[in-house]
Ligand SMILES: Nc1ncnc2c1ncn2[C@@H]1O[C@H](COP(=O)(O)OP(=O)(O)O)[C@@H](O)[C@H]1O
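Take a look at this single chain in structure tokens; it is the form predicted on its own.
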Amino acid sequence: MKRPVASGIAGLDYLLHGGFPAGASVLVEGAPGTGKTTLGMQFLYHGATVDKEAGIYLTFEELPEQIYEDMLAFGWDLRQLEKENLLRVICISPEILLEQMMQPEGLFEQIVREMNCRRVVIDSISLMHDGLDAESRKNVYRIRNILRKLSLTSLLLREQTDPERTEITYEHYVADGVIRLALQKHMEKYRKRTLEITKMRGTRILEGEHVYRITDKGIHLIPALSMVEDRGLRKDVSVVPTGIARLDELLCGGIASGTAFILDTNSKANYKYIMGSIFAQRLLAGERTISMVPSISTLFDSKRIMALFGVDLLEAVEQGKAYFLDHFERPAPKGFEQAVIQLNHVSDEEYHQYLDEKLGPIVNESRDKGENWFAYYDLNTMFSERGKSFVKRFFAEEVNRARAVGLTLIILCNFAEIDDETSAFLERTCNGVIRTWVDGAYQYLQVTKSPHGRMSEPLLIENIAEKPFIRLI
């Protein structure tokens, strides 16, 4: 498989999972002033200076001297690249270019072979045809085929005369990819530049509109759904996979030890396989665990779900790997008795001291041995049994105490059932937020906050027969 061709714009290459497919002809369209010429030249400049791939810029309107001067604003010395035979800026009429491209061993092909050219930008493809007649369409098709025959990765720039219209033109069908640049209103007084990849054969893309700026170094694109990374996390912190491939990808490998994540779920959503997979992976990684038994399920349910993931929960209990907090006095599976800490008789004032007495010595001794701990905390149960004021008073303290000893937390909560102020408080307290909800006939999952600053689009949850029993699409 051929390696992708880097665009020279890091954010765009991220959206393309590495770059343009080698040999692709990509339509770049936008209104005047959106930066099409800058994008095209940045593509060629990066190829020449970084990848040592020669390129040709074909223009039908601007003289080379004007382009040289304009690009110096970004520090791009195109004349020097021409001296090194890594770039040609050619001003030519559409008719002559088409004639030379159609001619075997014509001028175009001679220049390509002489330079060992790998990249081409045509500015603008709009002038290659007069209208929608059959001959004009045929010309665009011929150009695409010639570029493909010569294994050239090309950008075909196209002017949009009416930015409000997003009609599908013949070029859209012929091109291997389509990138749309736009200027949009932003916060009433401002305008923002956005880039959207609407088509790209041969590679996966990250969909959506992504904001870019034209800086003194060229185009700088920031992928949507990205935020500031939490630099406070050490790079040597261990990461344990969740067992759900797409979620692990979004979380850069999994959930980092010592972090706190909220799993926000509405009343219709089935979160058991998500939580079951995360919990099983922590046990399989050799961590010791504490989990709060939800009001709507029992330890018998937990035992069954862990068995689905290949974990014998009774064995984990017997090895001192699993402890449980329960606000309700109810039966537990045989052998679990010593691992269950009953909280139904413990008052709010005694709560923390009681847990310190029960779990403090176990956790401290284990941490001295270098063992890691993972906790599942059911905040829905805490709200119902202890009340909102208790949660707001002690939740941040509990999270900070847990992180201080390197304990990893997953906190279950239903934001829809609490007020906005409390929801915001909980989000601020944690390193990450994973949301899952049901809308109509489908369940979705979205990462809305993570230590790495990455957010995701809403992903569909699909049921599958094998572990982890769900797949994110």
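Residue numbers run from 1 along the displayed sequence. Since the model is a prediction, treat every value here as computed from it, not as a measurement.
Just so you know, the form predicted together with the ligand exists too; it's not on screen, but the next bit is about it.
- Partner contacts here mean any heavy atom within 4.5 Å of the ligand in the model of the complex, and among 34 to 42, 440 to 448, 420 to 428, 400 to 408 they occur only in 34 to 42.
- Although the partner is absent here, Cys252 is not a contact residue: none of its heavy atoms lies within 4.5 angstroms of the ligand in the model of the complex.
- Asn116 falls outside the set of residues with a heavy atom inside 4.5 Å of the ligand in the model of the complex.
- The ligand in the model of the complex is not approached by Lys199, whose heavy atoms all lie more than 4.5 angstroms from it.
- Within this chain, Ala182 is remote from the site of the ligand in the model of the complex, having no heavy atom within 4.5 Å.
- With the partner removed from view, the residue among Glu105, Asp368, Glu349, Asp216 that has a non-hydrogen atom within 4.5 Å of the ligand in the model of the complex turns out to be Asp216.
- None of Phe324, Tyr271, Phe395, Phe74 but one reaches within 4.5 angstroms of the ligand in the model of the complex through a heavy atom, and that residue is Phe74.
- Taking the ligand as positioned in the model of the complex, none of the residues of 76 to 108 brings a heavy atom within 4.5 Å of it.
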